[in-house]
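Take a look at this one chain, the form predicted alone, written out in structure tokens.
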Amino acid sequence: MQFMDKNFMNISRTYKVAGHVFRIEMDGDCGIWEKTSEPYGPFETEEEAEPSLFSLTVGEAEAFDRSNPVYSNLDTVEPGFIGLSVYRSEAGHHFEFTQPMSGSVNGRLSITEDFSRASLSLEGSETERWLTFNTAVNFCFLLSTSCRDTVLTHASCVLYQGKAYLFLGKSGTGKSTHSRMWMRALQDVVLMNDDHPVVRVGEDGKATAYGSPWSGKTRCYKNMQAPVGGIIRISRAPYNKARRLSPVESYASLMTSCSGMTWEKALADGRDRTIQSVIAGVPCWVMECLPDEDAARVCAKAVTERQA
């Protein structure tokens, strides 16, 4: 649903991801709306009456005090990734985004203490503004859901036999490759998301995986959901072998692949509670494997037979 504000000529749209509703408002001529149609379009909703998790206004971000920095990755950020500086004030959280292409700050985001309202200013090229906008929306979602039984995972996720399977691992270890192997070796496998699927624990204690607008380099933006059947960490090896993880191992495996603001105790505690709820009902595995179709068959057999 969208409408034009007669005073500011802004467009407002409402989205629903993993059952959480949020709104974005910005100038209709800013050049970003056109880019949102593919990743965000499948999640657009007309549920305007439903309370929103947060609202983000793109325009002029509120000025904030930089005397209380709490985090920066500018000295450690990998080449090609957005740099981040975080500040805290009585008003809430404040972020500055540094683009890898220019090395300069091109985005400033402020979000209130209760995470309900955010403002974002953008500078730079069209590509830089889009990348920072997408990152800022992701951050707003992450902050707003941290204490709502929801985690944003860094994983590749497939749908198989009615259940979602998440493949974890460091960048370059073969998460996406393993998903592709499942799709080649097995029947009726669907890629749900290839970078940031969302996992939410319901009131019944069961974990459900959802597609999201954030799928990395793979253009896979599916508004779909499925109960989580298993969480598998991919590890390179000269053989194919699946091993069930203990509860402690399961927690460590999932925790390292869940986004979170660990310097904020309340947010970190919320993430940890959700992770514990997830592993209480979902079997976790490590898959030592080659990047081949046999690895997919071995993995699928292990995780589905164990459930049966």
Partner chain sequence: MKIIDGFRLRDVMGQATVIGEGVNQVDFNKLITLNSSAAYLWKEIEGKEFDTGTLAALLVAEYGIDSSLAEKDAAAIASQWVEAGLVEA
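Positions refer to the first chain, counted from 1. Predicted model, so just to flag it, every value in this text is computed and none were measured.
One more form of this protein should be noted, the form predicted together with its partner chain, which is absent from this view; the next part is about it.
Screening 26 to 34, 55 to 63, 276 to 284, 235 to 243 for residues having heavy atoms within 4.5 Å of its partner chain in the predicted complex returns a single hit, 276 to 284. The candidate spot formed by K170, Y251 and M255 is fully in contact with its partner chain in the predicted complex: every one of the three has a heavy atom within 4.5 Å. Proximity of T262 to its partner chain in the predicted complex falls within the 4.5 Å heavy atom cutoff. Taking non-hydrogen atoms only, E38 never approaches its partner chain to within 4.5 angstroms in the predicted complex. None of the heavy atoms of E46 is located within 4.5 Å of its partner chain in the predicted complex. Although the partner is absent here, Y71 sits close enough that one of its heavy atoms falls within 4.5 Å of its partner chain in the predicted complex.
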